[in-house]
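Take a look at this one chain, the form predicted alone, written out in structure tokens.
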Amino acid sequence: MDLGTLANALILGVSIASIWLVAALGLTVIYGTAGVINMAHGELIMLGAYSTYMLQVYLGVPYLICIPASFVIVALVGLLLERGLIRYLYNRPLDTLLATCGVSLVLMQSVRLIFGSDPKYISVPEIFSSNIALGSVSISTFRVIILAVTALLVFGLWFLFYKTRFGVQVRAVMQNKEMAASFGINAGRVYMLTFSLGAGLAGVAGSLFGVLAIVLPTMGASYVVQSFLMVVVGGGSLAGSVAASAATGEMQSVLASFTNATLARFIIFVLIVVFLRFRPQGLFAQGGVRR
């Protein structure tokens, strides 16, 4: 491998890492805060893509406005889901797993009934369809946009959880819900808001991914597995998800340049299984014990 090919693989790895990370951010918030294994996360990503499509086709909303609008729409769906179902299943992981799996099927079939099974497409400004060339390295402009949005979301979440009063409440509830309640923190309200936030982040991911691939009712299934892997390998923390996404993205890109994308992903999955065998708590274990 020459230096030009290696440089191209490393830059592409950053792009892959940003895609894996933006898919995992919403799940990181939900699982890291409330310990909920949300099997409907992929369908929330799918709703984000369909929200963007619907806003463009029926209302003529520009694509850049569709991204935050998708956040709001899917966050409201997450709010209804949490209030109507999830809040009754906290501390019951198996029931939550089965319930959210059922929700994923309901959402998928509902979208299929409303929009049909034929593929949809999201349009973007012409400038996003070009490439940026840096010497012998070339990368899609839209992938740079995804990287920028991912960096903005990570910074926003870091600021929210570590520099605001709400973040203090979230971390207090994560470590000891009963002790937090003695200080007047409403754990139910914290869970509701963080679940909605995680769902909204999934909506943003769907709005971005709908440009990279066709929009289908089943599109969420291709993202939910890698999202869970990033969260589990990272240990359920924001820093862990960032580190896990960066490492796996770069490894997949470099390995794919030696072999092919399918074999590279297979090797990555094997390495993840081996890693979790010896460090099941992930890269960055959560401080304290959730109660």
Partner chain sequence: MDFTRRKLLKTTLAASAAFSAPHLWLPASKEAWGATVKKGEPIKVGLLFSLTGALAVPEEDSTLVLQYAFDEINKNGGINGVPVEPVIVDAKSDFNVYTEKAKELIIRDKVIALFGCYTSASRKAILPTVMQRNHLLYYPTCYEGAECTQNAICTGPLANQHSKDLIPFMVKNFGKKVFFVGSNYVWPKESNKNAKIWLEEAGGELLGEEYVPLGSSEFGPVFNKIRDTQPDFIFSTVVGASDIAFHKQFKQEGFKVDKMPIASLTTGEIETRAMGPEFGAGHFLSAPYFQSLDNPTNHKFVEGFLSSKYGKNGVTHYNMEETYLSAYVFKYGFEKAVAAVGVENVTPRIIRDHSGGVRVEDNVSPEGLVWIDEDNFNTWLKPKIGQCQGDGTFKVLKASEGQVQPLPFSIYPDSGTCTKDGLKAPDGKIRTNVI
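Keep in mind it's a predicted model, so treat the numbers as computed, not measured. Positions refer to the first chain, counted from 1.
What comes next is about the form predicted together with its partner chain, which does not appear here.
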Let me know the one among 64, 261, 57, 225 whose heavy atoms come within 4.5 Å of its partner chain in the predicted bound form, would you?
261
Note which of 175, 110, 91, 130 lies within 4.5 Å of its partner chain in the predicted bound form, where distance is taken over heavy atoms; exactly one does.
130
Since only the chain is shown here, I'm wondering whether residue 140 would be in contact with its partner chain in the predicted bound form (any heavy atom pair within 4.5 Å).
yes
Does any part of residue 186 reach within 4.5 Å of its partner chain in the predicted bound form? Heavy atoms only, please.
no
Report whether the minimum heavy atom distance between residue 12 and its partner chain in the predicted bound form is within 4.5 Å.
yes
Is there a heavy atom of residue 164 lying 4.5 Å or less from a heavy atom of its partner chain in the predicted bound form?
no
Go through 93-101, 187-195, 69-77, 205-213 and give me the stretch that gets within 4.5 Å of its partner chain in the predicted bound form, heavy atoms only.
205-213
In sequence order, the residues of 117-131 that place a heavy atom within 4.5 Å of its partner chain in the predicted bound form are 117, 118, 119, 120, 121, 126, 128, 129, 130, 131
